[in-house]
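Presented below, as structure tokens, is a lone chain in the form predicted alone.
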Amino acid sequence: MLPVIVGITGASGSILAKKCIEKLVSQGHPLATVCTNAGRYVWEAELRESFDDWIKGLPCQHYHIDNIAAPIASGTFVTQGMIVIPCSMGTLASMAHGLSQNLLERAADVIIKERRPLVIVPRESPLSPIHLRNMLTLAQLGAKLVLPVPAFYAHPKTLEEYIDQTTGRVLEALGLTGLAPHQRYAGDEGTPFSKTMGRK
């Protein structure tokens, strides 16, 4: 298995990053992680735990945000791809314009220039025209943008079920297995809903 890079920013939604990393670890994927200073702050505020202490207990390689000499800063370090979860609009803008002001942004720049899979989970609402233009730029560069919205067809009853479904879709966007069979849409030709599919 090739390593997966997971970047964590200061956007709200630290639990999404935590669940995503836990899923990757449980599947045995080698991991390289990098978290911004704001990401560590929000992690502690939302999850009531230290990100640095938590990540130390996992079988992954964590790099400091200022470590521009880290292997993930080079295209010669071959990876499965990169997930940025959750992604702030500041990091989104930097990735869209190749600014590479820290290790996370440089790693994403490498992924883009090497044409490797990049999955971005933006966390902002409402979205301004600036945000949308930056998202369009990244999509045109080949990135997949997976907004953390509920899949209502899966009938999530708890926040945990919604988080599990969302992070599963993120993994699938990277080309990995993330969803359980019951989390996938299975249409029924006999339902009124399916009969209206394709109609406006």
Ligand SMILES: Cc1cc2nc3c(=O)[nH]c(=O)nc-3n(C[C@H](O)[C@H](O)[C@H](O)COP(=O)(O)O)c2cc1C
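Computed from a prediction, not measured in an experiment: that's the story for all the values here. The first residue of the sequence shown is number 1, and the count goes up from there.
Although not depicted, the form predicted in complex with this ligand is the subject of the following passage.
>> So, Ala70 and this ligand: in the predicted bound form, are they within 4.5 Å at any heavy atom pair?
In response: Judged by the heavy-atom cut-off of 4.5 Å, Ala70 is well away from this ligand in the predicted bound form.
>> With a cut-off of 4.5 Å between heavy atoms, is Leu47 one of the residues that contacts this ligand in the predicted bound form?
In response: No, Leu47 is distant from the partner.
> Should Glu124 be classed as touching this ligand in the predicted bound form when contacts are defined as heavy atoms within 4.5 Å?
Replying inline: So Glu124 counts as contacting this ligand.
> Thr79: heavy atom within 4.5 Å of this ligand in the predicted bound form?
Replying inline: It does not: once this ligand is placed as it appears in the predicted bound form, Thr79 has no heavy atom within 4.5 Å of it.
> Though this ligand is not shown, can you say which of Pro117, Gly90, Gly98, Gly75 has a heavy atom within 4.5 Å of it in the predicted bound form?
Replying inline: So the residue touching this ligand in the predicted bound form, by this definition, is Gly90.
> Out of Thr166, Thr36, Thr33, Asn134, which one falls within 4.5 Å of this ligand in the predicted bound form, going by heavy atoms?
Replying inline: Checked against the cut-off, the match is Thr36.
> Along 1 to 40, which positions have a non-hydrogen atom within 4.5 Å of this ligand in the predicted bound form?
Replying inline: Heavy-atom contacts within 4.5 Å come from Thr9, Gly10, Ala11, Ser12, Thr36, Ala38, Gly39.
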